[in-house]
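Only one chain comes next, encoded as structure tokens, the form predicted alone.
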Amino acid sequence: MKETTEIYENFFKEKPKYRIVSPGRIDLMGIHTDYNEGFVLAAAIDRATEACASPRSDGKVILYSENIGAASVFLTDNIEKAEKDSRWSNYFRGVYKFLIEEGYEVGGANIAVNGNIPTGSGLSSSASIELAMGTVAKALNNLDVTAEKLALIGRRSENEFVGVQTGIMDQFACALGKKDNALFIDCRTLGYELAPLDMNEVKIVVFNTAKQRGLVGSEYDTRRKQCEEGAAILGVKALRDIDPETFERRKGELPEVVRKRVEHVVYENDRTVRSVEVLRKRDFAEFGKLMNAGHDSARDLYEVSCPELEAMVEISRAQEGVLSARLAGAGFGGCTVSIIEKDAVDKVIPVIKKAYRERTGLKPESYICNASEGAHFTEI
């Protein structure tokens, strides 16, 4: 990736004051549990959005994106949604807008951004951008704002300004990740804790199936409604409140399809909670089994897989040293995520990609990731 300081200096003809790094994230456990007020396990990764920035005194924000190859300008006292060719800048604009709305004093800025998170890959490039912008504002304006607050403002920007409905997992992972750790998040209370993920023993490897996600919006809505129906029948606020024992006792009260959806969420929450203790014991083999069980449940009970994902999962699991392979994000296409023994990574990746290409005719991509620090800045 091109050096962001060089990009800034070429565009603004000056040296920047701060350098900001905001990671992407990968979800490891908790498939479709977030909107059921459940539990998720994610990690910040070493693919990131980088920014270089300096303050301005005129209230103007000049934003240049190397990835887009374009600039966008807005004023801090009149932040409006951009249309057409500048729509990409809304992920940045919304963060400044809501920081100001919530009482933070934010001035103008020169900002150059660059990133190596593939868009649409399930690695949360949007949340990474939002936390980069929040961290820019914090650095330039010496804001007394926590990482948790910046994550909430990032989610608000995506939900209310950009218009994409997401949970809190993406922004929390990008904001609060720690090197060599996964982040366990309670999506109801927003409490969180770290779980060790030793990158000297294993690597996180993401495989992009090259199958674009389809029907995500309508299928999302359908499954959310099915979960809400299940919660209503069982008399709870959200499926988070049903443990496996209660489900087994009362599952006969549920219509068949709703029962399948509820069963997935209940047991996936249980698996996610157990995964933290498993990681603390450094039992990556057992952790891999929990990840695999989550995928199988999402395929059979939640029905969010597709033939391309299944091909990648099946091929990956067949390789020695691959401890897990499961769909990433919402499913319906996109990426898989695997935990692979460090010494096996270089050997198995080309084997997996070749076999997948032969089976599907699609050309996959792979990204080797480490669990990394959340969004942060340094003074240049």
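From 1 onward, residues are counted along the sequence shown. Predicted model only: the values in this text are computed from it and were never measured.
The form predicted together with ligand GLA exists for this protein as well; it is not shown, and the discussion that follows is about that form.
Participant: Determine whether any heavy atom of H32 comes within 4.5 Å of a heavy atom of ligand GLA in the model of the complex, and answer yes or no.
Facilitator: Yes, H32 lies within 4.5 Å of ligand GLA in the model of the complex.
Participant: Find out whether any non-hydrogen atom of T166 is located within 4.5 angstroms of ligand GLA in the model of the complex, and reply yes or no.
Facilitator: Yes - in the model of the complex, heavy atoms of T166 and ligand GLA come within 4.5 Å of each other.
Participant: Going by a heavy atom distance of 4.5 Å, is Y220 a contact of ligand GLA in the model of the complex?
Facilitator: Taking the distances in the model of the complex, the answer for Y220 is yes, it comes within 4.5 Å of ligand GLA.
Participant: Wondering, does G329 line up within 4.5 Å of ligand GLA in the model of the complex on heavy atoms?
Facilitator: Close contact exists here: in the model of the complex, G329 approaches ligand GLA to within 4.5 Å, heavy atoms only.
Participant: Based on heavy atom distances of 4.5 Å or less, which listed stretch (246-254, 135-143, 272-280, 168-176) is in contact with ligand GLA in the model of the complex?
Facilitator: In short, 168-176.
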